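The chain below stands alone and is given as structure tokens, in the form predicted alone.
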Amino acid sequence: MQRNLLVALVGLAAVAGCWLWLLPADNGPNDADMDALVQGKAKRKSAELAASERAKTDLALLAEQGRGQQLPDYLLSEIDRVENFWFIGKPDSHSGVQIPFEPGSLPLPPPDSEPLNPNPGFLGADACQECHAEKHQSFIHTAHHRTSRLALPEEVSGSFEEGHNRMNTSVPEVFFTMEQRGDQLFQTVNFFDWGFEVPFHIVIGSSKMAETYLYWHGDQLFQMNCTHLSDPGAWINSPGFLDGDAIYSRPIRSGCLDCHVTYVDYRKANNHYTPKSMILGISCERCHGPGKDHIDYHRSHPGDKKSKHIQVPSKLSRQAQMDVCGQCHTANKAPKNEQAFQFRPGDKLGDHYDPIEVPENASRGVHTTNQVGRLALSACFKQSEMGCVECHNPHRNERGQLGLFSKRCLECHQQEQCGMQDELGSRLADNCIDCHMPVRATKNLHLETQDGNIFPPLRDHYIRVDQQATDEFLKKTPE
């Protein structure tokens, strides 16, 4: 994200806060010196903790009064009227803050406004429970259903306990603390001697790799600066965010929500919605079509067992089935004219989405997986009629069950034909996946932390013989 500097930075500034020990060349610091140094560090640490505690108390009290902490005079601010955010910076620092609300104020609560556009019939997964109780009970545990949900304390994976709820940055004076007051969760930002907080409203992501968070400012939806990485269970900068900044102005466009919620009323560009219209999670309806007409018909015709006004994806052609999955599992596309939620099972993907040109050297992508495109490169795909559902049961949470997926591989492949049969024997059937669909980091997705970049590993859906993956598998597989 391009930084917006208010003032020219000082070119050759002296490093503040460094102490130079002036001692005789043949002597190191004596015991008294070392004791003073240790005590000085302890006092500074204690002062930092005290300041942090005061800031939390101040922000909580101010929030009760409906206001935020006023900006100190030494911090400068300006408004970008094109992108509609305030930038706050310090003259001698590269760090900056971007927020869509005025410094010293709070984000506006989501309004109780009425939708501008009629809902095309989306109801959410719970509407299917009446007739499909068993499938519903298993489906609500899937990554699809959990890819967005309310940010309730029990739904947020990251820790809010002291000692585990802080995200430091490479700038010591800029850090983030995850706070809980009752059932409300906040990201509290310390920017030098100023602080503000932003409430958690929505969780995005099923937590397989990570989850990130959104908040409402009026009818606008924005991403929060801190994301939670599942392994190793740490708070980190959100994808594409620069370490040392505090960014709360990234708008959540319709293309983002198209793959993370079932439906929401889109009011106007570029991130204005009707909050109460949002149906969280990717429900049954994104694969089967809006359910209202289907449910209304079968409630009034209980004797008719033939499914009406709904689509069964397994009865579609393979390409049509792939297009259903391709709504979200095809990279580098956006809804035409920002009109999300228009695709229906049986439609052509290209009728509703435009391709996006992304430079090959782009390194700050939020999503880089392209499961449909990668699978299409595979000999398994080219030489058969297989699709996504030959391996994945969309109604069940089968995450991590490598033996189950391997069993599905062996429905088409003979174990004896594998080149590793002599070496692995019966163990081969336990895990075809790690050799033929390796998990690897990609340079196109990295997350910045105070200690450097993190490259999260992703499962590649290009099925092939991969010698490197095989060698790695053999090293970690017991005899």
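Don't overthink the numbering: it's just position in the shown sequence, from 1. Keep in mind that what you see is a predicted model, and the values were worked out from it rather than measured.
One more form of this protein should be noted, the form predicted together with a small molecule, which is absent from this view; the next part is about it.
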message: Looking at 150, 379, 116, 79 here, can you tell me which has any non-hydrogen atom within 4.5 angstroms of the small molecule in the predicted complex?
response: 379
task: Heavy atom within 4.5 Å of the small molecule in the predicted complex: which of 166, 135, 352, 272 fits that? Just give me the one.
output: 135
message: Please tell me whether the candidate spot formed by 204, 463 and 470 is one where all three residues come within 4.5 Å of the small molecule in the predicted complex (heavy atoms).
response: yes
- request: Indicate whether the small molecule has at least one heavy atom within 4.5 Å of a heavy atom of residue 192 in the predicted complex.
  value: no
message: Even though the partner isn't displayed, in the predicted complex is residue 182 close enough to the small molecule, meaning a heavy atom within 4.5 Å?
response: no
message: Contact with the small molecule in the predicted complex for residue 405, defined as at least one heavy atom pair within 4.5 Å: yes or no?
response: yes
- request: Check whether residue 197 has any heavy atom within 4.5 Å of a heavy atom of the small molecule in the predicted complex, and answer yes or no.
  value: no
field: Segment assignment from 174-182, 107-115, 88-96, 318-326: heavy atom within 4.5 Å of the small molecule in the predicted complex
entry: 318-326
